[in-house]
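Presented below, as C-alpha cells, is a lone chain in the form predicted on its own.
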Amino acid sequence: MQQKITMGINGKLIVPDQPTIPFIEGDGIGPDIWKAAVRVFDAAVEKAYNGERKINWLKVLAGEEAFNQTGEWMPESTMDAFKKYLISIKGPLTTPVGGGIRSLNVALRQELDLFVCLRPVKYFEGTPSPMWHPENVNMIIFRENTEDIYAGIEYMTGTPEAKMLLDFLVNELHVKKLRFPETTSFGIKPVSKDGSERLIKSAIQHAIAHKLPSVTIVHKGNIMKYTEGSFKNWGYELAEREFGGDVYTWRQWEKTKAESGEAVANEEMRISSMGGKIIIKDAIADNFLQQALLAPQDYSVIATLNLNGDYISDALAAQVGGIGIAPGANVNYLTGHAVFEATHGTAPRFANTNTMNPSSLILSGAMMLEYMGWRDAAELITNAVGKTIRNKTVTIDFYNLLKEGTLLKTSEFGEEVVRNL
C-alpha cells in the first residue's frame, strides 16, 4: 500500500512511517550515483528508527531514459507522480537539444511552482578547497526560482515577435537606448512583489527556525532599480511588516542613526545593539561575491533573484569543494512540493564508469530527510559523509587534489558512508 506525504491545514507536512517517494535515476552518471546514494538513505533510516520507518521508492522516468522508452523527455505520468507524492528526488538530467523543453529542471520548477531553489553551502573538514579558511563558509542560499531571466521570455532578432517588441519599445515607449536595434534579441526580466515576498519570507522563516544571525538580500538594484531594486525594498518592507519582533533591518538602523546622530563603527557593534534579533541586510551582487571570499563568516542566509542565485550558488560551492559535493532542492513551502537533486551535470563520458562522487545526491537526500522531519537520519548521513572525507577515503575528484588518500569507486564511497553512519 502506497502511503503519501500530505500537507496539513497548519502548513506542516504529514509524513507517514513508510512514505512513497518518487525518484529519477538521471542521465549519464545518474544511475551510478543513485545506486550509491539510495543504499545510504535506506541504511540511515533503518539505523535511526530501528526499522520502524522506511521509504518506499517509486521509480519514474525523465530525460534520456524516458525519451528512449516513451518518446517523451518528461512523461505526464512522471509529473503526475511528483504532484501526487509531494516530495521527490532526482539525479542529473540531460537538457534536450533542438527544440522541445528548454530544460527539464526548469520545466519541473515552473510546473510545480517550486519558487525556492535551496542551496546550502558548508565545508566538510578535509575537503580540498582553494580557500585559506573554508571552514568560515556556512551559508544557505534561497534563490528565487520562477521569475527573472529564467522565466524564458525571449525573442530572437529577425523574428516577427522581436520586430513587434522593437516597434513597441521605440514607437510607444520612446526607448532610445538600443545601440543596434535591427540586430537586437530581447529578453524580458519579470520581478513581482508577490514572487519576491514569498521567497524572502521563506528565507527569514528559515533563519528564525534555525536561530541564524542574518538574512542578506543580494541584488543589483543600483542598476536595475525597478526590478532588483524593488526586490530589495519589498524585502525590507516585508521583514518590518511581518517579522518586526524577530528581526532588525539595516533600513531601520539607518533611520535610527539619522534621527539620533549616532554612528556605529563596525558590524560587531551593530549586532550587539540588536538585542539578539536577526539582522536583515542587503548587498550589491558583485560586492557580495567579493565579500564571500574575503569575509564569508559575515553571511548566513542569502535571499536573491534567479540569475544572481545561479552564479552565487556555484561560486560558493567552489569554495568548499565544488558542485560535486553541493546538495540542492527546489521547494514550494506553501504546497509542500519539493524536488531534491544532484546539482551537477550528467557527465556523460563518465557514465557507467562507477568513478564519480555521489556526495551531491547523498547530501541532497539528507536535506530531503530533514525536510520530512526525519532529522535523526539526516544528521547520521551528514556526519557520515564528513567522517568519510576526513578519513581521506574519497572518489577520484578529491583524490587527485589530496597529498594522501584512498581512492574509492562510486559504489565503494557509498559503502564507506554506510559503515560510518
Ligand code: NAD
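Note that residue numbering follows the sequence shown and begins at 1. Keep in mind the model is a prediction, meaning the values are calculated, not measured.
The same protein also exists as the form predicted in complex with the named molecule; that form is not shown, yet it is the one meant from here on.
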Residue (of 356, 66, 385, 369) lying close to the named molecule in the predicted complex, criterion heavy atoms within 4.5 Å: 356
Please tell me which of 350, 123, 155, 253 lies within 4.5 Å of the named molecule in the predicted complex, judged by heavy atoms. 350
Please state whether every one of the three residues 18, 376 and 420 places a non-hydrogen atom within 4.5 angstroms of the named molecule in the predicted complex. no
Residue-level question: is residue 337 within 4.5 Å of the named molecule in the predicted complex, judged on heavy atoms? no
Check whether residue 90 has any heavy atom within 4.5 Å of a heavy atom of the named molecule in the predicted complex, and answer yes or no. yes
Are any of the heavy atoms in residue 345 no more than 4.5 Å from a heavy atom of the named molecule in the predicted complex? yes
Exercise: residue 36 in contact with the named molecule in the predicted complex, heavy atom 4.5 Å: no
Only one of 135 to 143, 317 to 325, 219 to 227, 238 to 246 has heavy atoms within 4.5 Å of the named molecule in the predicted complex; I'd like to know which. 317 to 325
